[in-house]
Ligand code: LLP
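First, one chain by itself in C-alpha cells, the form predicted alone.
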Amino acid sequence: MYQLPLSQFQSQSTPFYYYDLNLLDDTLRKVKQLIEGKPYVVHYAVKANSNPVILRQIAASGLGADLVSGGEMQVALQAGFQPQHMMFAGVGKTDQEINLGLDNDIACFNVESVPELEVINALAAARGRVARVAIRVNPDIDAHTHSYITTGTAANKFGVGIELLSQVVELAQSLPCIELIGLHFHIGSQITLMEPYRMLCERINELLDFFDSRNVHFKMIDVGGGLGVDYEHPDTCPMAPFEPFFDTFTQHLHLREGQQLHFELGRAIVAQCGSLIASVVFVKENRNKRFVILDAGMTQLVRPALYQAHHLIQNLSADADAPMVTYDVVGPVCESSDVFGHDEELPLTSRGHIFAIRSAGAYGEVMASQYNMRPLPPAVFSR
C-alpha cells in the first residue's frame, strides 16, 4: 500500500506539488522491462509534465520525447533527450517550430494535413535538408473517454481521414525533401479499456495490408498513447495497466519484418507519482452544505473544472478515529467551477489540516495558471 509522507509536508508552505521520484523510477523500470526484446520504442509525452527534474529523470531512463510545441522541444533538449528520439506532433506547427525541428534533425514530424506536409517540404528545401515524417491518420475510432480528450473520431480536428490517406501518402512520396517513414495514430486520453486499442490494431492491420498491395512500406508505426490511470485508487494502483496495454498490441497488431512500433505515453508515466498538497483555510457551513476551502484550486489543478474530472481527495492530518462527514471540497478562486469534489466523505476536518489531491503528476503543474494573480506553487521532491 502506497502512502504519502505527511511528516515531510508539515514544515512546507502550501500549496505545492509533491513528486515521488522513487515511484517514477519504478514506473520507468516497469515500462522498460515490458518492452525489452520487442521492436517497441516508448516516447514520453512532454505535455503531461515538463518539470525539469521530472524530464531529466525520464531522459536518463532512455525514453524518447513526444512533443507538441517548439517550447517542449527546447525543454526536452535541455533535459537531455536526444533529437534522434524526438517525435513532433500537433495540428498547428509554426514555421519557427518546424525550423527548430529541422535544425536539430529530430527523428520525425507527425504530419496532420496536406498544407503542413507542403510547408515542411518547402522549409526543409530552404535548409538543404530532408525531413522525416509520419502521416497522422484519423482512424475514426471512439475511445469512449471525455469528449474534450477524444482525438480519433471523424469529428475531431486531428489527422488525415482514412479516405484521403492514399492520396496524402502518394504526395509525400513525391516531395523531394520529405522522407515518409511511417503512420501515426492517437485515439484519445485516459483510456482504461483495451477494446479501443484492439480496434485500432485491426484498423492498422487493414491499412498495412492495403499499402503492402501497392508496394508501399513503412519503417515504423506510431500508435500514440492515451493509457489511463486509476484516479480513485492511487495507493493500491500506483501504476497504469502497462501489461495489458502492451500485450494488446503484441497480440493484435501484425507488424512487418523490421518494422518498429512507437508509443507516446505521458499520463501513464507521471500521473501517480505526483500530488497537489494544500491546507484547509476555512471549514464553512451554508444551509445544508459543508465546505472545505483549500488554499489550492483550479489555478493549481484545472482538470476538475475543465473536464469534470475527479481526483482522490485525502485529509492527511485527520485522526484515525475521526467521524466521517460530507463536504464539498473547493478552492479559493472566484469561479463557481473551482471545485475539487462534491459530497466527499472525509474525516472531520479543521482549519490547518493538510489535504492531498492525488494523481496530479500529469496535467497539474504543466497547466497551472496565475489567474486571480495567484502565484505558481513550487515543486517538492521525495529526494
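Bear in mind the structure is a predicted one, so any value in this text is a computation, not a measurement. Numbers for residues come from their place in the sequence shown, where the first is 1.
Note that the form predicted in complex with this ligand isn't included here; everything after this is about it.
Engineer: Only one of 262, 136, 93, 132 gets a heavy atom within 4.5 Å of this ligand in the predicted bound form. Which one?
Structural biologist: Result of the distance check: 136.
Engineer: Since exactly one of 196, 159, 225, 101 fits, which has a heavy atom within 4.5 Å of this ligand in the predicted bound form?
Structural biologist: The option sitting close enough to the partner is 225.
Engineer: Given a 4.5 Å cut-off on heavy atoms, tell me which of 93-101, 249-257, 179-187, 277-285 is the interface stretch with this ligand in the predicted bound form.
Structural biologist: This holds for exactly one stretch, 179-187.
Engineer: Just to confirm, residue 242 within 4.5 Å of this ligand in the predicted bound form by heavy atoms?
Structural biologist: Output for residue 242 is no: heavy atoms all beyond 4.5 Å of this ligand.
Engineer: Even though the partner isn't displayed, in the predicted bound form is residue 329 close enough to this ligand, meaning a heavy atom within 4.5 Å?
Structural biologist: So residue 329 does not count as contacting this ligand.
Engineer: Do residue 357 and this ligand share at least one heavy atom pair within 4.5 Å in the predicted bound form?
Structural biologist: Although this ligand is absent here, residue 357 would stay clear of it in the predicted bound form, with no heavy atoms inside 4.5 Å.
Engineer: Should residue 353 be counted as a contact of this ligand in the predicted bound form, where contact means heavy atoms within 4.5 Å?
Structural biologist: Outside the cut-off, so no.
Engineer: Using a 4.5 Å cut-off on heavy atoms, which residues of 192-214 contact this ligand in the predicted bound form?
Structural biologist: Counting only heavy atoms within 4.5 Å of this ligand in the predicted bound form, no residue of 192-214 makes contact.
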